[in-house]
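Quick heads-up: it's one chain on its own, the form predicted on its own, in structure tokens.
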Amino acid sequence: MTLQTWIDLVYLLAAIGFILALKGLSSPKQARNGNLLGAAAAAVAVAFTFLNPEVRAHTLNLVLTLVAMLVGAVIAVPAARRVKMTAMPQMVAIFNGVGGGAAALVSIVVFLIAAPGKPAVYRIAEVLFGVLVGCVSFSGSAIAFAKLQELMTGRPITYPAQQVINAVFAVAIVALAIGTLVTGSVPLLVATAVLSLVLGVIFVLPIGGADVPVLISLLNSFTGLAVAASGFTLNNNLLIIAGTLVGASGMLLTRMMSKAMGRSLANVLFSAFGSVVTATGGADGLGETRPVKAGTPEDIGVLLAYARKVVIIPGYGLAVAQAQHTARELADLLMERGVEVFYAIHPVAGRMPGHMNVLLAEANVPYDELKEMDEANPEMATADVALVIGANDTVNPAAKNTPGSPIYGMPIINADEAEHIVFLKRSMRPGFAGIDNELLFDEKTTLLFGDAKDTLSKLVAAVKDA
């Protein structure tokens, strides 16, 4: 076989590897292996790309590419190893944005090379699609990163005539794109790229922090589509397949997350959800205008120690406190005493899909102790204690009982059905949705204020003494 045939065969195997990797990522048990398989397939495909005679013919470009890869590795590897679990969503956002920006640049460079000969209209269309979607993904992901990293407010940013301004930019981009198709003009393409960058910014600004995880998933889909477009531009089948897989899986995940929140994608993107804070409690957990019942670790420790079934419901607060290891220590201690324990996982708990699964896997929590919302809810009514650690909106009964609530219709974990509810919180501040959690004021609820890790450590000590 010729070298090109070998390269094509490796590309085919890599594509199969990507598909199997996605299959592995669908299960917590196989997620690590799926991730490693996908990375290995990509590495082999890149290595064989360098064997292409057309690539090796451009020595300077080859050297520059290797240098760029080295610089990227030097930046990315330490960043990925040091990132905290609470910061993982914004890292995903910025890495995703870089991918979209790279795809847009590839399309622009190919167009610059071909522009003197006036490319065919379909070639210009491929370039335009990659530039438009890639630029929106790049700038939009940058704003999403800034929101999650708290470099700017996480609340929706709105201004007068916002929708009109967005529409004007969209119409201008369409007009420039049509002009580029007709004339093959480089300046018009550059103008399209610039306006697309602006569109990405104004598209993301009105989206609140609670909805940013859905947005990241959508932008990830955009990046995949931009990569697929650059694959058409470069006549590279593997890029087309890989980009299409990312685009399709990202869109499916976006729809699944929207469904888990009980809202349409249009509502997530255009409702400026979370712009109003209605919490009545003080930041320190004191001074609330509605009465709540606070407890001590010693009292709760006795309650847990003599329970029959305890359901642990983790949320973002668990990640913030890095309390997953202590939570597992408490669960193991209770199981040693004969208590049935499992973790109830909401699809959008935390700041990204699977956030809680990854967090608990880091603490070596057995997979069979994790139950998704639909599996956990039928057992909530028979639970003696629902131990809520840092979750908020995902257990708020207002989603079921208050038609006027912004989260009404959102599927939640039915913690309110347990015989006793123990809520670990830093304060009475609301969650990302910006509304009071009615569960805090339930007569069955006992609040433990403080850092989750510290509070869980005290609970461990109290259970041992019980």
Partner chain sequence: MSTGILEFLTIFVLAAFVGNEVIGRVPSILHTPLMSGSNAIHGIVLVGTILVMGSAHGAVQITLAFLAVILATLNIVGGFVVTDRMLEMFKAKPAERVPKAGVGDDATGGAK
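Residue numbers count along the first chain shown, from 1. Because the structure is predicted, anything quoted here is derived from the model rather than measured.
Keep in mind that the form predicted in complex with its partner chain is not shown, yet the notes after this line are about it.
- Contact with its partner chain in the model of the complex, defined as a heavy atom within 4.5 Å, is made by none of 304, 322 and 441.
- Contact annotation: residue 25 falls within 4.5 Å of its partner chain in the model of the complex, judged by heavy atom distances.
- Within 4.5 Å of any heavy atom of its partner chain in the model of the complex lies no heavy atom of residue 449.
- Proximity of residue 45 to its partner chain in the model of the complex falls within the 4.5 Å heavy atom cutoff.
- Mapping the unseen interface onto this chain, residue 158 falls outside it, with no heavy atom inside 4.5 Å of its partner chain in the model of the complex.
- Of the residues given (381, 294, 201, 71), 71 alone sits with a heavy atom within 4.5 Å of its partner chain in the model of the complex.
- Only one of 175, 167, 121, 109 comes within 4.5 Å of its partner chain in the model of the complex through a heavy atom, and that residue is 109.
- The stretch that touches its partner chain in the model of the complex, counting heavy atoms within 4.5 Å, is 35 to 43, out of 393 to 401, 35 to 43, 407 to 415, 420 to 428.
- Shown without its partner, the chain has 232, 234, 235, 236, 237, 238, 239, 240, 241, 242, 244, 245, 246, 248, 249 in segment 231 to 249 as residues with a non-hydrogen atom within 4.5 angstroms of its partner chain in the model of the complex.
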